[in-house]
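Take a look at this one chain, the form predicted on its own, written out in structure tokens.
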Amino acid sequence: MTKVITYGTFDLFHEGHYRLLQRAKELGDYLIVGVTTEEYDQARGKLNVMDSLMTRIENVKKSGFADEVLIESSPGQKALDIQKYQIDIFTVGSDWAGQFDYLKEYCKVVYLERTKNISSTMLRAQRASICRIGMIGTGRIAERFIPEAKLVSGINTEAVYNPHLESGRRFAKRWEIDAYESLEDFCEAVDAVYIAAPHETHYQYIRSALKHGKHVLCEKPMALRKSQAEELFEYAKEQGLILFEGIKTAYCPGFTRLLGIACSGMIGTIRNVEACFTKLENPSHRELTDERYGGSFTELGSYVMLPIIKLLGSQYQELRFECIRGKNGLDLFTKAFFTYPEGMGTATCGLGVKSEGRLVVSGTLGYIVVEAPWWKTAYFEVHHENPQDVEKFSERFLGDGLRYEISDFLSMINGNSRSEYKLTRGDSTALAGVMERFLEVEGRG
């Protein structure tokens, strides 16, 4: 008898799960299915699991393919289970290709082709369905989005649109999704749209997606003018749609905790916020060659402005910029200075000048410091007048961090507004206003 084993979360049991179990069963005579616990899912970075462990086990049993079901609760269990149950074949979906090759020491390893564009037909009687999301743009951030989205239960990336058709087709082939030549056809195929296209295209793509009745998650900067941001948010509200700006730092647990502590009075009244984010970009990339919409501030400014706007607000009295520019006039290094009635903020960013990237929040009783990369906040310290009085805080930061904004976006779509405070409509509008001012000062407005 040939024994086969597979593992999974099996949340919101759908056609893709059914077909994977069916093909796993066809590999042998006896199929064992391991279903992960909520705690293990969280530990390995999967967010937003909706069904209970017992519901997920019951759904696996109802498929009729599992001869035996066991619970997976810890790392390293797979190798032990294979030996314990004398397994001949270990199998999982092809999206995990190569990651379980170490198990070949114990049995044969088979990666099954995934079910393209799963259907939520099997979920219609349940409280939630799978959100089909499509991507506009195929650049570097888009490449990071799909692996992160796979770790958020209840969402599935199914389509891509790029006006450069060959780029869209290559991207679709790599990630086993559908490429569309028409924006209209693309919008018809999905429930929500993720926009990762060049900055200057965001406004029109958002408008188009909203007009097609689609929820939108758009990479920063969402808009380059304050009036555009206000218009888009108002239209989304009128249509009952979610419009979300994708500044991943805003949704990370560590940054959220930092803001809470900063506002708790632990460091007194906040008087100064200094944020710096620099990286050395390839001079041939769009960020340093697009003479109208490139440069350090349009690329990284949203990150460094975020803590200033969140902690000191959008009602600054003065705003000025100082830049170091390259030969083509684009800013290689920029400082934005915000002056408030009783405070100040400095946002520093660079693509051609490297500096120490840290976040410092200064108050009347102490200060908070987060070393680079603070935009992926995992650890920070609270210091007081006594140098021995240091409080240390840490939070997990999983993967590239995009899974947090995807999870909150999906929660908002499903009617849960508890994440709305993390990056409000007012915050995004204020950020767009600063970006507009910068482009005007630079003569690029």
Ligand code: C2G
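No experiment lies behind these values; they were computed from the predicted model shown. Don't overthink the numbering: it's just position in the shown sequence, from 1.
Quick note: we don't show the form predicted together with the ligand, though the next part is all about it.
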Region of this chain that lies against the ligand in the predicted bound form, out of 63-71, 33-41, 377-385, 403-411 [heavy atom, 4.5 Å]: 33-41
In the predicted bound form, Val92 touching the ligand (heavy atom, 4.5 Å): yes
Contact label in the predicted bound form: Gly426 to the ligand, heavy atom within 4.5 Å: no
Partner proximity in the predicted bound form: Lys25 to the ligand, non-hydrogen atom cutoff 4.5 Å: no
Phe438, heavy atom within 4.5 angstroms of the ligand in the predicted bound form: no
The unique member of Ser362, Thr278, Asn156, Thr138 whose heavy atoms fall within 4.5 Å of the ligand in the predicted bound form: Asn156
In the predicted bound form, the one of Phe321, Trp96, Tyr85, Tyr235 near the ligand [non-hydrogen atom within 4.5 angstroms]: Trp96
Residues within 4.5 Å of the ligand in the predicted bound form, restricted to 8-27 and counted by heavy atom: Gly8, Thr9, Phe10, Asp11, His14, Gly16, His17, Leu20, Arg23
